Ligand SMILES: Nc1ncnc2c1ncn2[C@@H]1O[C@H](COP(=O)(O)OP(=O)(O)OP(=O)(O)O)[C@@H](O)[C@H]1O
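For reference, the chain that follows is the form predicted on its own, supplied as structure tokens.
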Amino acid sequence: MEKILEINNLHKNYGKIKAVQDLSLTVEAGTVFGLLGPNGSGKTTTLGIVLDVVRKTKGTYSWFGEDPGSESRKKIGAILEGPAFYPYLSAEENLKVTARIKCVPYDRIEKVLKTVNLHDRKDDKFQSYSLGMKQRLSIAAALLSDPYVLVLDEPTNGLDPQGIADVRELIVKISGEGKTIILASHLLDEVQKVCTHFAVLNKGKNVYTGSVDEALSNKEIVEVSAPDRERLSDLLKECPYVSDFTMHNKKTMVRMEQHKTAHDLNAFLVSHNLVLSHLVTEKKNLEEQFLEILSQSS
């Protein structure tokens, strides 16, 4: 796949504070790539560097396989700060101002307003908009130049549940139109629902990179029980598919090895003449995976 963004050994120091440390990652075309991490992990600093807003200490990065420059920046739409528009102008008027700055024809305005579902409110003043609508207008402004890539820093920060849902739906919609999206977030649910791939940053370091599907599928937990608990325990110790297990009252929680499933476990037990009375699969959510990654990197 085409490499949209490639970061190699990136560092950013603020005096003695190391905001970004030896960070490397690759974002491929067509993905929704999430930079996930707690506040202060270096997400915003990293985006600031690759958008030429923050000066790096050392390291390299490239957009579209080329050194960063004015041509690559034309292919990128970005929102790093909160919505910044003239409060007394309408949505359409504010986008005309943005279009003039970006040297974009006005005929793009109607299209992007429809994309973010604000066309019916285009004549309303910006100051009358809800926070969610303001954020959607920011996304419309970022889409004016029809960029290859959309970069969003904490796109649902401060929004109410409806606003969060609207922005998430919009991200999925824009991705479905073929654009690559890079977003930074500390909200696990946000990354799990909209991203295809993600990297976990901790203290400025990249401590994990992978696809969301893999992260959620390779850590299956199975709840089982059997009349003969002692026999069950003995077999679980022998089973090559079991990473570890914990027995609680009548139920036993079994953590499977990577890519092994409840079907594999049940087949093994049956082959050893043990029939389970209870079997339920529980897949790890991203929060559990995230906390495990952070604990291993500390």
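Because the structure is a prediction, the values reported are computed rather than measured. In this text, residue numbers run from 1 along the sequence as written.
The discussion below concerns the form predicted in complex with this ligand, not included here.
Relative to this ligand in the predicted complex, residues 26, 64 and 68 are all farther than 4.5 Å at every heavy atom. Here is the short version: of 271, 249, 258, 39, the single residue with a heavy atom within 4.5 Å of this ligand in the predicted complex is 39. Listed stretches are 42-50, 241-249, 225-233, 263-271; the contact stretch with this ligand in the predicted complex is 42-50, by a heavy atom cutoff of 4.5 Å. This ligand is not shown here, but in the predicted complex it comes within 4.5 Å of a heavy atom of residue 154. Looking at residue 275, you'd find every heavy atom of it more than 4.5 angstroms from this ligand in the predicted complex. Though the partner is left out of this view, residue 17 does reach within 4.5 Å of this ligand in the predicted complex, counting heavy atoms only. Residues from 239-258 do not approach this ligand in the predicted complex: none has a non-hydrogen atom within 4.5 Å of it.
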